[in-house]
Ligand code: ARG
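First, one chain by itself: the form predicted alone, in structure tokens.
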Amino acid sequence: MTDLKRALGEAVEAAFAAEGLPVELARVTPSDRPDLADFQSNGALAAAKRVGKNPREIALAVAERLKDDPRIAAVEVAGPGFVNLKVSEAALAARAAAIAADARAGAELVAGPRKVLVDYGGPNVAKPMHVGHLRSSIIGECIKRLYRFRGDEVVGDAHFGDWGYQMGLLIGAVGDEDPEIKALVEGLNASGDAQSAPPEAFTRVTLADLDRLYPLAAARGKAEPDYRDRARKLTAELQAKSAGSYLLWRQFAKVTQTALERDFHALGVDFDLWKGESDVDPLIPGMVADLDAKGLLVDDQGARIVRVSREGDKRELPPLLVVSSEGSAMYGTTDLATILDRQQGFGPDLVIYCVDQRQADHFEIVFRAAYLAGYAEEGQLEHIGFGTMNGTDGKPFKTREGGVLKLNDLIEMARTKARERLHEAGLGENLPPEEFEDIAGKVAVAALKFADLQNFRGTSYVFDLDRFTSFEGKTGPYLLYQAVRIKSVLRKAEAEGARGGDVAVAEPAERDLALTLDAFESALAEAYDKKAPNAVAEHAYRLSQSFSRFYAACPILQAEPDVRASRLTLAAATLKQLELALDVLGVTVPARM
């Protein structure tokens, strides 16, 4: 099922070809002046430079070849050579009817589906998630859903940070605070079994303890060489699965996972794989030996590195540190082993890393090492970075006290504000308390997700909870309200025995809605190609606006039977497409408000 933009593009290409002009210039885009035309082609201007002709003469010749196309109600040449196209009512009605009848509401599948793995979330064991994890979780979840919706086989991986230097810091810090735990760790390290049950004393350690201790330990690690060296040795002991360190680490992981599952679930984020750095630890010795055998490992001041800089680099990239001077695997080592693990376990055609833009150099280093080692092909690994979520002061979002805001606290803030907004709007007042709470949760998630996804991922944005939870303007709650409004209209129609029927497009608001419905496939294709969910968010907002204008200008239930049937079909098609778009964004529409 071809969208109108593509169909008209093919018609213009045929006209260019018939005139002996380069068909790659025959591009059709939505009109800059929708009051004059639906679509336009500016290719005559570029073609004129190629063939040395007057652009207006070229445009007139192209227009002459298009004038009898039944899909085109009018074709006009404007200015120096712009070809303006207005779609016929019959073509618009046929396209809208096809979208209404299609389970995917006009969305197509990719021609060659791939196996794609999306690495996002990236929480660290022993630390609660904070607002810095919000963008990775929201954008990564949307990319996973988008690629899956387009027909790819997609796996989402949380990729926990659970095996590095920070674990050594915390093992030491917990032991310093609790001498009994310290003695147990040391005793088990000397003679214990890493598969035995953890001592009861270890269960005293809570996530709150770890959250409190980590900043203190990290600061000491930076300031005190001896403290840092001890943490590195404890990290090496953990990675060697010394019983005490390993069993205490398992307690860290247990209390963290409980909180992670709560926060991810509240955001509507889920993973197919809940793997961490620890899962690839068994691969590291063999991988190090393989890198050595391939001549890639270089000894450097007691450490072992892989040099990844290339001739022609504008700046020299640091090497990948594979084995530290203390003998422990590093952050980049586990990332490299994870690439190998994914190749062996899933065999992805593409791995997308949805991680903060500030990690760009790290991933470039790891990717180059993977290409050198033959663990991936050039271009198979892609880092899609994102900017920061800032407060109204333009600085990274903080608490009023200046600390990092925990993600769970932000979610609760959004829920509280959603309840207030619902009460202000007089929505949900007569619903059971459980349903009202469910709706408030959906409104909060819609506010958080749409606030983020409406921006191109590479940019930073200002987070304003008051504005983003409004039911007016370009917000997630506004989109939910429009979808629920359509559901209400369709329920009333069903109660009255009214049904959808053949589509007729006559009124300007009907034309606008049909054209907006047609644009869904283009928005999805752009989002997919550029890995930019904002294209889908923008389409969902424009569709909601278009339906709002249609609803105001074109009475549905009060119209005479044939017109009512047509408008009910348009309303049902809008709801289906809007819900699909919102589902790609990770937003769920309630049944009512």
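Note that residue numbering follows the sequence shown and begins at 1. The model shown is predicted, which means the values in this text are computed figures rather than measured ones.
We do not show the form predicted in complex with this ligand, though everything after this point is about it.
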Checking Y331, F456, W274, Y214 against this ligand in the predicted bound form, the residue with a non-hydrogen atom inside 4.5 angstroms turns out to be Y331
Quick one: of R95, H159, K144, R135, which gets a non-hydrogen atom within 4.5 angstroms of this ligand in the predicted bound form? H159
Does D452 reach this ligand in the predicted bound form if we count a contact as any heavy atom within 4.5 Å? no
Partner proximity in the predicted bound form: R415 to this ligand, non-hydrogen atom cutoff 4.5 Å: no
Contact test in the predicted bound form: N124 vs this ligand, heavy atoms, 4.5 Å: yes
So in the predicted bound form, does any heavy atom of H362 sit within 4.5 Å of this ligand? yes
Heavy atom contact within 4.5 Å of this ligand in the predicted bound form, the stretch among 115-123, 480-488, 241-249, 495-503: 115-123
At a 4.5 angstroms cut-off on non-hydrogen atoms, which residues of 324-358 are near this ligand in the predicted bound form? List them in order. Y331, D335, Y353, V355
